[in-house]
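Coming up is one lone chain in structure tokens, specifically the form predicted alone.
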């Protein structure tokens, strides 16, 4: 075997597929993709993907670790499940894409300015506080996600909608203070604390 052939073999003997199988939800299905492209053809955001799902799966098998985990692609998924419904091999594509996004986040290499990732963080912080979403607080934080002036501009643009919601009693202007959350919030916080402890023990992740 020539040096070139040896190098090519080593390239395809990468550990990234094994890493995905060990650390990503439903990652063991990646090797089952037959590259038909039905998933990206079924996706509402199909034309906008940096790398559609079948391409992501091919890149995983080719060992392109950084290109996959630093990609914006996994954060494009809206969980419509069209891909799962139409996949000829019934791959859990939605779960894999979310699993890859979560894994990249845990590793600290996911795109920091991705709006979907930022929304997910804001939403999680909101609901973890009291066990129930404070919609007014969530909206305000989203408005100002891209800076103070952008938040003011967005607020003014949404003013007619807000006034309409006030008129129909769909918005409580005192919601920031009146929001009580679930009962026994302390139990929720204990569960989350335990989950964080378990996650901390897995910092090395499976190899």
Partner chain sequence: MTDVVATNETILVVGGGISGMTAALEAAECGKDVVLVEKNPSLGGRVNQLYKYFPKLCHPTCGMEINLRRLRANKRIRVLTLSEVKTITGKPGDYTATITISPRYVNENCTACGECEKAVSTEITNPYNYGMDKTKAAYLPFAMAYPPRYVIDPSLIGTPEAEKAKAACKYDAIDLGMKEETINFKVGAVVWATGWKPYDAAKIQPYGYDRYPNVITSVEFERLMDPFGPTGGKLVRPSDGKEAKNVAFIQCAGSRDRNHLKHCSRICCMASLKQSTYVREKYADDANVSIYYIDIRAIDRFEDFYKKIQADPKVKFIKSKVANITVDKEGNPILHGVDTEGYHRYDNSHDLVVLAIGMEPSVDASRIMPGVKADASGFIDIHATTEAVFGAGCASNALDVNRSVQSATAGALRAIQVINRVSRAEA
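Residue numbers count along the first chain shown, from 1. Predicted model only: the values in this text are computed from it and were never measured.
A second form of this protein, the form predicted in complex with the partner chain, is not displayed here; the remarks below concern that form.
K.L.:
Tell me, out of 41, 147, 164, 155, which residue has a non-hydrogen atom within 4.5 angstroms of the partner chain in the predicted complex.
P.N.:
That would be 41.
K.L.:
Which single stretch, out of 51-59, 138-146, 65-73, 156-164, brings residue heavy atoms within 4.5 Å of the partner chain in the predicted complex?
P.N.:
Comparing against the partner chain in the predicted complex, the contact stretch is 51-59.
K.L.:
With heavy atoms only and a cut-off of 4.5 Å, decide whether residue 115 touches the partner chain in the predicted complex.
P.N.:
The answer is no: residue 115 has no heavy atom within 4.5 Å of the partner chain.
K.L.:
Classify residue 95 as contacting or not contacting the partner chain in the predicted complex by the rule of any non-hydrogen atom within 4.5 angstroms, answering yes or no.
P.N.:
The answer is no: residue 95 has no heavy atom within 4.5 Å of the partner chain.
K.L.:
Within 4.5 Å, heavy atoms only: does residue 28 come near the partner chain in the predicted complex?
P.N.:
Residue-level check for residue 28: no, no contact with the partner chain.
K.L.:
Given that the partner chain is not shown alongside this chain, does residue 85 nevertheless sit within 4.5 Å of it in the predicted complex, heavy atom to heavy atom?
P.N.:
Residue 85 belongs to the contact set for the partner chain.
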